[in-house]
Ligand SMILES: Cc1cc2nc3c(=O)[nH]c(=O)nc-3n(C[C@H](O)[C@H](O)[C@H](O)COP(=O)(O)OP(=O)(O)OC[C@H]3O[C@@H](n4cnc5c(N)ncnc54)[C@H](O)[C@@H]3O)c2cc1C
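As structure tokens, one chain now follows by itself in the form predicted alone.
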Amino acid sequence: MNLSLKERPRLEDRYQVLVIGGGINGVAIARECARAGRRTLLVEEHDFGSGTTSRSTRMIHGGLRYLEHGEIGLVRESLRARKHLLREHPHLVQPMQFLLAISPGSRRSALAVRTGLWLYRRLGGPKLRGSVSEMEKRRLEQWLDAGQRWSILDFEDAQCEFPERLVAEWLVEAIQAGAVVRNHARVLAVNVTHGKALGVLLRDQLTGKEQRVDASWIINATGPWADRVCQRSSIRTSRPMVGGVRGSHIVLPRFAGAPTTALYTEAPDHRPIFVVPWNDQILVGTTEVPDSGDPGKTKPASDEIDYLLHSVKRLFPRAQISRNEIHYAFAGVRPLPFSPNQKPNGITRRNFLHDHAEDGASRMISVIGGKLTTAAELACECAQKIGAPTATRKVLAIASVDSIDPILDRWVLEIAEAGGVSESTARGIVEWHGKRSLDIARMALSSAVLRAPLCSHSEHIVAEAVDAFSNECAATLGDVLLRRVPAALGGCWSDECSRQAAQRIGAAVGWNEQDMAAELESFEAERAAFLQKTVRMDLPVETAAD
């Protein structure tokens, strides 16, 4: 049976809640509404988690920089959300130590920063892990530009290396709670009659079929696309809701002197910048550039890539990094509130719920802003807004963060034995699939085809891809390799890896040669559009920041 191309059943004609947009916010909202007993439909034009969610700096943080703008309430809320995520998803969200490097030329005094860090720690509660050692601080200082006297401080936050996986977990939980979900389904228009939003006209992007679906409430959680949904539905707001700000990143190999903990410092123009170990690579970001174009087509500009690369070279002058070393670059558009008179770094990161009743479309709400860390809290707020009671959050019975690693280690041994796979493969499964790892391991045990690695150097196996098609709503090869089993984000992924993965997955799910060729071509095009190869050059890189 061809799992990926099977016919999708027709949707029901009416739901109580219809959520448009399958990023982390939309999936969280659908999950919350379904848990509250509301008949919920979640639709996403492309794939779940394929937009802004997958183009972030992949941190779960309280927002240390928000203290500069006096948003203590937002910091407190974010730190509380960080704690919940660490306890509920210990395989995906893990504590991370940060080093904060302040140069003598910084506009922020060391005293002011120390005061901010003290407040940040007080708001964050008990420590997550031990402090960074003095030896690590000295090591970093030795590699940083030796011509300056750095102040090296430390604090703690958390990282979600693969928020795509968090979206997939919440998606499964939403389905288990009764939600109906549909990716690759475009909302052509919201049906507004007599001042009330009544439903939507949908087009299945895979089959081309269209269907009208009615709903009691419509939640527009499309992030940077929020205004576009309104425009094509003739819903006129008094002003734009979203002021898109592009954030670009570059991904480098681990280089000599690269930090082994996350580094938070300033770029040459004094903007904050992160240099973060990620996925056995180094993630550098981010920029903040106003972007009013199509969020689905946004790309890192050449000068943004230069800016980020030049910033790293200024920090680590002995690293000998050039554009040739960049694995890839990517960009996403933050859906910040429309604030034309403010600089991007001064716009609040707090989320807002825009009620369209005064725009002639009652029973429709647009979500503005939001971030990875606070998605679950936003979902509760949205559910309460439409009168859906929110359930008490379930927390794993983990005594402390220090006990998480032993628990994961026990899972790894159990999964290795249950699936007949190596401990390294079992660890990869556990770290990405958590409590569903045992189901995948049992599936793998049934067939050597399912135990095969995705490609010759990957620890992840075909059974994970089959599970993505069967249980996590993946519909294409790109859905699997970029989001459900995101091995294609690795620095060593090549065209040969793509071919091997397509052949091995195709053999397991029943693709014929034509299907396989079409899936491979579509995947390679999607990956190339997302993970931009930078222009190769041997000339020294200069930047407009100089």
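In this text, residue numbers run from 1 along the sequence as written. Remember, predicted model here, so these are calculated numbers, not experimental data.
Just so it is clear, the following notes concern the form predicted together with the named molecule, a form of the same protein that is not shown.
In the predicted complex, no heavy atom of D479 sits within 4.5 Å of the named molecule. Residue contact with the named molecule in the predicted complex: W225 places a heavy atom within 4.5 Å of it. In the predicted complex, R232 approaches the named molecule with a heavy atom inside 4.5 Å. Proximity of D515 to the named molecule in the predicted complex: non-hydrogen atoms within 4.5 Å are absent; the residue sits far from the partner.
Of the listed positions (H356, H249, R82, R165), a single one reaches within 4.5 angstroms of the named molecule by any non-hydrogen atom in the predicted complex, namely H249.
Only one of 516-524, 500-508, 485-493, 38-46 places residue heavy atoms within 4.5 angstroms of the named molecule in the predicted complex, namely 38-46. Taking a 4.5 Å heavy atom cutoff to the named molecule in the predicted complex, the contacting residues in 18-57 are I20, G21, G22, G23, I24, N25, G26, V43, E44, E45, H46, D47, S50, G51, T52, T53, R55, S56, T57.
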